[in-house]
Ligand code: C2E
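Have a look below at one chain only, the form predicted on its own, in structure tokens format.
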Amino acid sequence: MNRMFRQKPFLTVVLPLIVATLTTGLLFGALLLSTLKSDEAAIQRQRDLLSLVIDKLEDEVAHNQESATVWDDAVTHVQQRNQDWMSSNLGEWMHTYFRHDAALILDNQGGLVYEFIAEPSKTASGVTIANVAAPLVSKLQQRLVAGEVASGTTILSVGESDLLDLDGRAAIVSVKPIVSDSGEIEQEPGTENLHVAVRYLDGVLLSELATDYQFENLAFVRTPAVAADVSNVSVRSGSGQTIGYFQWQPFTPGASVIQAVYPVVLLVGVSAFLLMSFLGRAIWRRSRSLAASQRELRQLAMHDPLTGLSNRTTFYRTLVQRLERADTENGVAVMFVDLDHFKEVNDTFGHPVGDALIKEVANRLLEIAPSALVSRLGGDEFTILQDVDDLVEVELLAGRIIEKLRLPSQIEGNLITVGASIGISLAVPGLEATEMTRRADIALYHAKAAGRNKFAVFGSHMEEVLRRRRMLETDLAIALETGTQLGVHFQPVYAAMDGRMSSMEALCRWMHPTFGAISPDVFVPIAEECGLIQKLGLYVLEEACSLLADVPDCDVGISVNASAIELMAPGYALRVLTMLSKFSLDPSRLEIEITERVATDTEDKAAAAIRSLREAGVRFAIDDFGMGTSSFGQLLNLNVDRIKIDKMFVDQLHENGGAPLVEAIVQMARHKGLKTTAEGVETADQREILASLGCDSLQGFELSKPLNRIDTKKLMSKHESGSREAFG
């Protein structure tokens, strides 16, 4: 035996063969076990991924609906049964933009008002869809009648959705009420029209899922195939009924590896160890793509998809953890950052530019506070969670943020400037996360009320400030509804050369029964934010027009102020012209004062309203010229009739460069053919200098304070008689 072991054939053939066979067998055994587990894990990940996607599909369809169903225009046009409008905005557009396969509009009794079917030959009819969706419609109606409203910041309206069988095809069916986005259109609960959206699971959706998540041979079947190379996930309705299965060929990286290396392992048995190492690395590489998909899902669940910042869930979870250890470590500060006038950016330049601006803001916040947790809660709302030592550190950080965010951003050829208001809350022992965020939110309201581009640290007095602000919002709505408390005063404007009254400016005043006189600087922003600015503007316009009608023989004109929100509102130009017609006034007697920003923007809805009114004869002026961002070059392109030089320049007439600057403005305006009015004239010396510099007209306390209606009518009568009551 020993002799045999020493023989050449045994040493050169048999023993190497035994060792190679054992090594290869062990390699294949270990490799087989590893690949089986890898394939099993890969298949399970795909199942988990598809289950998660299915769970989110219903929410996605309902969320997509809200882009059109929570809309004043939708309420109005559906109530009017405007078929063309419903087709363009609630049917075809939902199909084109969100790939919905069908859309219905039902009245509050479930009757069919409008239907859109993308592929009538393959899709259930509108009547069939309405019948199948009837239980959802009934349930939603009960919730609406009960007065239930949506909760949270991402869900705008209540709704019902389910996975249902439509003529043998499985589909997501979502029902949403058509409601007002501004709250200005009131509907009795339960009388709302309903929008039904349908998306089939076996249509275009299949190819989208297969492409986006790399599912091979993805199909929707009623009965799943029983085979080793097929994987599936059941689709169930809300009642638990299985209505079908998603079926696909699973990704099996382990099996692919076995087939690739089998010949090599047989031919190179002696290199089994090195080959196993290579195969292990190959398996790891094949599995890495699935691990990346899993990380991406975690990223989506914990981060904002637009900016990549942490989302509300991550922010709140981290805040709870920080507060638990705040007693033994550094203090904790929460900062709520809200962009000022971001809605105007979206309205003026469109949502793509708005999204780009949000990304730019996110990058700036990360740059300013690299050690903090920066989160986006949604819209233009951000939070910063920072470990701090004292209040001074927080205030310095807030100041840097405000300065950084005020810098202009160049986006798609547009120079955009926004600001930010910041509310700050500091942790104290025993303070819970919910209360801390509430305090930061209260501080944010305080910062906005202070004039924006400011920050505020929560203090106990702010509870009362917030209570007062909410009271003012309610009382302003009541004042506009009842026609009490509010009044309009009129400040005359006089010709600089001869002192004759040339026009008047209508100024709104509010005498609150509890707080006394409320400044327009306080109640106008409140009106803009709570949706009352259009009513307030219409009230002032009617008072101004009725005054002119009361003194028909006086030829002076009158000016009213209009915000960008008013000008962009649908039908603004028509409302103005209707008011002029009501009092039989020549449109040229009305002048509308706007801001520089509105005047220099030639593309948005406000510009369209300005063009319509100017064509009708209404004049326009830029109020507070020089306080915005207009340059002298832009002055040449303004589509207005007059510029009102801001009081800031009048106050600086005796300082270096003050008078030459006013003279330059006047000369540039004359070159363009524009009239000029200097505001805030308070001394005779200012009046004389401004007249010598060429200003056309003057306005200010030196000439006349704002007058009530009775005194204004007396002044207008004196003007008609030829009296020169300002200066001679």
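Just count from 1 along the sequence shown to find any residue number. Everything numeric in this text was worked out from a predicted model, so none of it was measured.
Just so you know, the form predicted together with this ligand exists too; it's not on screen, but the next bit is about it.
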query: Interface residue in the predicted bound form among S563, S503, T348, T314, criterion: non-hydrogen atom within 4.5 angstroms of this ligand; finding: S563
query: The single option of L166, V524, L201, I117 touching this ligand in the predicted bound form, heavy atom within 4.5 Å; finding: V524
query: D623, heavy atom within 4.5 angstroms of this ligand in the predicted bound form; finding: yes
query: This ligand contact at K647 in the predicted bound form, heavy atom, 4.5 Å; finding: yes
query: Partner proximity in the predicted bound form: T578 to this ligand, non-hydrogen atom cutoff 4.5 Å; finding: no
query: Q491, heavy atom within 4.5 angstroms of this ligand in the predicted bound form; finding: yes
query: Options 677 to 685, 659 to 667, 690 to 698, 48 to 56; stretch whose heavy atom lies within 4.5 Å of this ligand in the predicted bound form; finding: 677 to 685
